[in-house]
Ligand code: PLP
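Only one chain is included here, represented as structure tokens and corresponding to the form predicted alone.
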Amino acid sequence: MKHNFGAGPCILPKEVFQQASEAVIDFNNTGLSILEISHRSKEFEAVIDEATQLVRELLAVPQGYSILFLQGGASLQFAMAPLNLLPEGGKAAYLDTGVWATKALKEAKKFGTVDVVASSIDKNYSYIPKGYSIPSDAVYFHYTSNNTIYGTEVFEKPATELPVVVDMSSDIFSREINVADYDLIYAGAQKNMGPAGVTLVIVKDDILGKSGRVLPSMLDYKLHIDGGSMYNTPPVYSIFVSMLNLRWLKAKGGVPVLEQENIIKARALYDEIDRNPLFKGTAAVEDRSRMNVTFVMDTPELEAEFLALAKERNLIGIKGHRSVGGFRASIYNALPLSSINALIDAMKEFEDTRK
């Protein structure tokens, strides 16, 4: 058995892979592949309607919010959000907690003034800044809820009266959130929702249409809302597989059940990192991510040996990002506890060889 700790595109449940592969040959007994059906067909309209309803149900999305399935990844949202929300000459507030937060604020600077309210770059993004102030004259506040590279996570929405925009690409559906606390949520699908190729956007309707900008049609949230996520041809297969995965999540008991499983998985791995004298975590304890566990070795020269052992034990994708080094175990929703235990066993085995 392969244990996939890759940071993304991520592991999905086996039954989702099975159902998705069957639909490539024959989708819903139509005699057509899901890859060739019309996005305007009643069969695909049923898919996008169900996917939308599952998002609304699983995240308890209130009325007054629209749900979109777009393309371009979170990287396009870095520009699309300020383009839709920030008037000419306006100011936005951004929290800098890593590579993706930095890319988001760099894009926003192309459309207005950006006030970086705090940054953790001084310690290589190993913590979440606290005690900062958010300017009241900003149009909105933006932050990244989980930092895949550095292994930190923001569990509580920062206190502000401003509209809040959040990039939840790597922790959406992993824990309960109050959608009403946010005005715009965006997330690349390829961590916990589905395959790469589709981006989830949840937007409060009444924040739109106020920037005064002339927007390119493909970058206008309102046009996508009016078009039901089908202003242009949508990523049919990615939306379909996301729908299957959201069905699986609902059948498991929904986000609250997955959150408890994720707490158990993360706690088990962090406990071993803290216990094992060969390893140490890189993120501040209070800010440790439940999705991306980053750790190194006290003796860096041993890291190649441990990676070799991991490969022998079918532990895939644990090499750390070059910005941090060491190891990164991404433990998204579909990764079972048995895979966590396999990694822990390898860490213990490696410790025993050093005694």
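Sequential numbering from 1, following the sequence displayed. None of the values given here were measured: they were computed from a predicted structure.
This protein has a second form, the form predicted in complex with the ligand, left out of what is shown; the following refers to that one.
- Under a 4.5 angstroms non-hydrogen atom cutoff, the ligand in the predicted complex has S75 among its neighbouring residues.
- Contact check for G151: every heavy atom lies farther than 4.5 Å from the ligand in the predicted complex.
- Among heavy atoms of W100, some come within 4.5 Å of the ligand in the predicted complex.
- For T282, no non-hydrogen atom is located within 4.5 Å of the ligand in the predicted complex, even though that partner is not displayed.
- Contact with the ligand in the predicted complex, defined as any heavy atom within 4.5 Å, is confined among 257 to 265, 227 to 235, 185 to 193, 127 to 135 to 185 to 193.
- In sequence order, D167, S169, S170, G188 are the residues of 163 to 188 having a heavy atom within 4.5 Å of the ligand in the predicted complex; the partner itself is omitted from this view.
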